[in-house]
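One chain comes next, on its own, written as structure tokens: the form predicted on its own.
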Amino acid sequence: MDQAIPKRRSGALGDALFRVAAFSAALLVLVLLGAIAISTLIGGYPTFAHFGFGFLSKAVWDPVRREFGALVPIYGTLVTALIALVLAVPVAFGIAVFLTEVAPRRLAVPTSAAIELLAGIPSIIYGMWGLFVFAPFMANTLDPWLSDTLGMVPGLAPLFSGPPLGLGMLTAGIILSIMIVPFIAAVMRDVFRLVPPALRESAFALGATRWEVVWHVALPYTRTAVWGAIFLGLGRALGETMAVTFVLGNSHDFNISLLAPSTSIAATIANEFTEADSPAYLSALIALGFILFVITFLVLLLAKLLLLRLAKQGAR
């Protein structure tokens, strides 16, 4: 009896220390997040104060005349990330379904390992491969075909016009899709494996096909985690730097065509930060960093709200 009291007190002390440590870790993340936002806002404040909202809508980027606009980098960032997401999600979903529903174990294990290895390849390797291998393929094969076919379709012609340079938003979007496929596929594969076997077996017993089991059982059961995987890939695509820098073309000329060179926020900062020879130039680049921070934060906030809504619907 005498020994039980010290043990209970020791356990209570351990719980208290654990709560303090966990709270401190969470608070540290919030402090770092706020410090990053505040520091980039302060650094970019001269640009926001000078140009106002015109900084977001101007397509001019002229460091010599100290005229800066973020429209082209913002457009390039959003378009390349959207292309990457549109291309990567179906492929990642197919990979996850194949690994969990179709492939035998002797094939699923090495394929899963290969997918995880792809996620570990440095982004600069993707960029170099894209510049020296994939961009020439785009210039010689895919870009001319898209320009000759889709470029003649009314309504789509502006998106696929221009010379086949090989460097542009479409090339960057495809490279980004290759990069984010392993992340999305790995998460989808793991959550599909968490579907209770009883649900699968019940669906098969009722005569459901394999695809019906995936679409009507596995996907509804894991839809919250699947959406989380998609937004995880989107966050990676929005902030990618080196791979995009190699293949995007790094042009500040606004062009709606997906085949035309453009730039992104991350690529602009990476390319020009060391060349910022004036406080106004440096402030403009830091302002771009703050805009990228806000875009990423809004995307993740939207993802969180969507996941909460899906969770509530699942509870009902």
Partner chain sequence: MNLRKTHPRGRSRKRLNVIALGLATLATALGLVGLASILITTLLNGAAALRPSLFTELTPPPGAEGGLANALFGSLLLIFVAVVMGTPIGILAGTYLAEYNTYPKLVATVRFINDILLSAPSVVIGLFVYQVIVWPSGHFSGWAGAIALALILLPVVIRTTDETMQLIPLSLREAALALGAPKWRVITQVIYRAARAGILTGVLLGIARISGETAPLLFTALNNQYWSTDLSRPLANVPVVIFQFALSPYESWHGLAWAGALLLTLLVLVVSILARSLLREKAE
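Numbering follows the first chain given and starts at 1. All values derive from a computational prediction rather than experimental measurement.
The form predicted together with the partner chain exists for this protein as well; it is not shown, and the discussion that follows is about that form.
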Heavy atom distance at most 4.5 Å to the partner chain in the predicted bound form, all of 48, 78 and 161: no
Consider residue 270 of the chain shown here, and say whether it contacts the partner chain in the predicted bound form, taking contact as heavy atoms within 4.5 Å. yes
Would you classify residue 104 as touching the partner chain in the predicted bound form, given a 4.5 Å non-hydrogen atom cut-off? no
Flag residue 200 as yes or no: does it have a non-hydrogen atom within 4.5 angstroms of any non-hydrogen atom of the partner chain in the predicted bound form? no
Partner proximity in the predicted bound form: residue 111 to the partner chain, non-hydrogen atom cutoff 4.5 Å: yes
Heavy atoms within 4.5 Å of the partner chain in the predicted bound form: which stretch among 141-149, 191-199, 115-123, 70-78? 115-123
Though the partner chain is not shown, can you say which of 131, 187, 217, 85 has a heavy atom within 4.5 Å of it in the predicted bound form? 131
Restricting to 174-207, the residues within 4.5 Å of the partner chain in the predicted bound form through any heavy atom are 178, 182, 207
Which way does the C-alpha gap of residue 100 and residue 304 go in the predicted bound form, closer or farther, given it changes by 3 angstroms or more? closer
